[in-house]
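Next up is one chain by itself, shown in structure tokens, the form predicted alone.
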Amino acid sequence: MSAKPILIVGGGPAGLSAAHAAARAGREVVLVDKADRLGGAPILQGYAKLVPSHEWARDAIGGMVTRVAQNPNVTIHTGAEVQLFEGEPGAFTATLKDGRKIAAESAILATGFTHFDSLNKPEWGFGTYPDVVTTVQVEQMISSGQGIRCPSDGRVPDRVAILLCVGSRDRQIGREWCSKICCTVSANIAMEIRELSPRTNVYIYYMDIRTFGLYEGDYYWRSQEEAKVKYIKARIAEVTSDGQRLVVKGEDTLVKRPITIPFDMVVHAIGMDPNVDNMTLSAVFGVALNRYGYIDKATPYAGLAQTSRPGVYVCGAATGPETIDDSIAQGQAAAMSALNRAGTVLMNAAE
């Protein structure tokens, strides 16, 4: 008796990692992604250099895509979504929207996250002023090779402000969580801007800096001491325009005084939201969501990567804000959990 394939939903870093780990162990894998190509946010959104490796996303994640696509144990369905998921561990059946049915031993949800939409923070100028952009848009500028340019007229900005915690740690808009990686990514982007345009001054407005773990020295301190990025502890009230430049208004919370500073470009460091499809995924796969709308995990001390439904696992940013490196590690862990379950089922059947 041979085990059925492992179904993996989501082809970003976590899903690619899970697929590679399971396929290398000799298992058949069916990888389903709703996008027309694999790679997840780093590829689809055009990320630049990744934290902490400093590799270009197109190379690092692109290499993961190639590795999985060339593995004969992996069957890939892009532009596809699971519409129905029935059965029990060892005997699941997934039905795709095109009617195709896939028999699966287990399923791994690696469905990722959605970037916060800055239109939900209108007082900070996004959607009103063309030179108010997001970190993702700046990543796209860098990765495309065009350099840092103001969208309104193509000029290289003299002064750039990066506003942290846009869509994170903000109860007023229902985002109570820290998105974990934004501080580090913003410091990295600030250094990249300074490298590409040494005459451009970069300011980072922050509530607190959370460059956790080993990122503190390589990003927070290095950005200040080597790249000369300036940090301002502040509460931002609004982003407006004086007719020529953008104006960031707020309060310097260290000295308790109002500040108004003009900039050529303002960058929103946007956080991670739950995947917009999580309600649908919850209904289709019969898994619970946590109070923030992410896919809920069972206690890690009992079953690594396990969701509320036996035989269905989850990894990466589908469970909450996560780094790419940790998502990759969680993808491998989810694959190991699925393989262990399959091995147990086979041994029981043999007995």
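Heads up: residue numbers just count along the shown sequence, starting at 1. Every value quoted in this text rests on a predicted model; they were computed, and no experiment measured them.
From this point on, the text means the form predicted in complex with a small molecule, which you will not see here.
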With the small molecule left out here, work out from 289-297, 22-30, 314-322, 66-74 which stretch has heavy atoms within 4.5 Å of it in the predicted bound form.
314-322
Joint contact, G12, L50 and G112 to the small molecule in the predicted bound form, by non-hydrogen atom at 4.5 Å
yes
Would you check, heavy atoms only and a 4.5 Å threshold, whether V185 touches the small molecule in the predicted bound form?
yes
Although the small molecule is absent from this view, report whether V229 comes within 4.5 Å of it in the predicted bound form, heavy atoms only.
no
I'd like to check something about A35: if you look in the predicted bound form, is any of its heavy atoms closer than or equal to 4.5 Å to a heavy atom of the small molecule?
yes
Does the small molecule get within 4.5 angstroms of any non-hydrogen atom of S327 in the predicted bound form?
yes
Candidate from E139, E192, D264, E105 lying within 4.5 Å of the small molecule in the predicted bound form - any heavy atom:
E139
Contact assignment for the small molecule in the predicted bound form, among A94, V239, I181, A234, heavy atom within 4.5 Å:
I181
